[in-house]
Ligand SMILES: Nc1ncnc2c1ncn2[C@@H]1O[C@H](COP(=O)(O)OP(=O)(O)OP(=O)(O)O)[C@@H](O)[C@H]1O
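First comes one chain, alone, set out as structure tokens in the form predicted alone.
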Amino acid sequence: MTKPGWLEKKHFNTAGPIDKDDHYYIEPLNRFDLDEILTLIHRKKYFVLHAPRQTGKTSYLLALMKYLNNEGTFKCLYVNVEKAQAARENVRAGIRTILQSMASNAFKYLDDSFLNDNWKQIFAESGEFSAIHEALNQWSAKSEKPVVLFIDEVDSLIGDTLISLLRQLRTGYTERPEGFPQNIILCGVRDVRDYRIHSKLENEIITGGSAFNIKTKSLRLGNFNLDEIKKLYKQHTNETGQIFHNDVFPLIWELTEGQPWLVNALGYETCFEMKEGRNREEVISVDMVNQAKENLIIRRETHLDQLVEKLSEERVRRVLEPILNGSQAELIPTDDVDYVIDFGMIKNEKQLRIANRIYQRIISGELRKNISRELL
């Protein structure tokens, strides 16, 4: 007899990084060529990791940090700078928040108190336009191992706060590895080269490529493939004994094309939310997965709601509307196409198309509503 659902520890993850004790998962480190990543790190390169939201970037960085620290050659730190987004154009508040996050995480992940003990004094003496550079300089100089720094959600920062961070990181590049992190990996939705940052202080647009022109490579985290989808769902079968009909897997691929949040959300909705699916003696069928898909679209979970929010942007609509109505999509500006690809909304495979069937339903429906409202 199978366990009741509330006694099962593991489930499909639809929020936040993977916890291997709680979630079914695809091993994060297998989602990139680890040898390529390690080669870049050993060659002291700065690079970018980017991918659409909720595809596993944070889980990957946390797993890589743990791997590098366990390996013992480097001192590796992960920091998420999203809290500094609230500072917006207030550079002083933004940089202070980033320093505080770095210090807190160094103590949490590395049991290293240097930044915790010294960041406030460094900030007071160096000011917001030099404090991160100075803190990383002092911390790296003190470290017995080369420092590797992962900065997540970097593109959540705004205006001069982002410009100041990128320039301070660039300034320290020539001092590595003795006086600055040997490697810095920036992580976000978009490639840093595509940033167009409005500087109020300089009254002009600063590109990410000019503010951080020391990056060697940009790597993009992809979706799951069909084998990975099967492997993920098989973990549920192993955990609960519940079986999926063979026709379920091609359908999940067709609906999601491997988008990790959608894959997990369909699994969670089918097996943990729907009453029929919670009966572990029931085989999960195509009809159940189709119903789960409809439920997600109707409820418009957070991930899908964020997708809808992007449709209010003119440059997004400039790309999507011609794709949907088949009118001269080849005339869409390349920068706009790249922007929408980075958000995972479309693919460019011989021709532009919506990324998967679920997105197609939501995007086409919302754009039709918007057009109808504008005609009233």
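Residue positions are given as counts along the sequence shown, with the first one as 1. Quantities reported herein were computed from a predicted structural model and do not represent experimental measurements.
The protein also exists as the form predicted together with this ligand; that form is not presented, and the subsequent description refers to it.
*Asks:* Determine which one of 341-349, 57-65, 35-43, 313-321 lies within 4.5 Å of this ligand in the model of the complex, judging by heavy atom distances; exactly one does.
*Replies:* Result for this chain: 57-65.
*Asks:* Would this ligand be touched by all three of Ile18, Ile26 and Arg53 in the model of the complex, meaning a heavy atom each within 4.5 Å?
*Replies:* Yes: Ile18, Ile26 and Arg53 each sit within 4.5 Å of this ligand in the model of the complex.
*Asks:* Of Gly267, Gly94, Pro260, Pro181, which residue is found within 4.5 angstroms of this ligand in the model of the complex when only non-hydrogen atoms are counted?
*Replies:* That would be Pro260.
*Asks:* Pick from Ile151, Ile132, Leu232, Ala106: which residue has any heavy atom within 4.5 angstroms of this ligand in the model of the complex?
*Replies:* Here the answer is residue option Leu232.
*Asks:* Is Phe224 a contact residue for this ligand in the model of the complex, using a 4.5 Å heavy atom cut-off?
*Replies:* Yes.
*Asks:* Would you please decide whether Asn356 lies within 4.5 angstroms of this ligand in the model of the complex, comparing each non-hydrogen atom pair?
*Replies:* It does not: once this ligand is placed as it appears in the model of the complex, Asn356 has no heavy atom within 4.5 Å of it.
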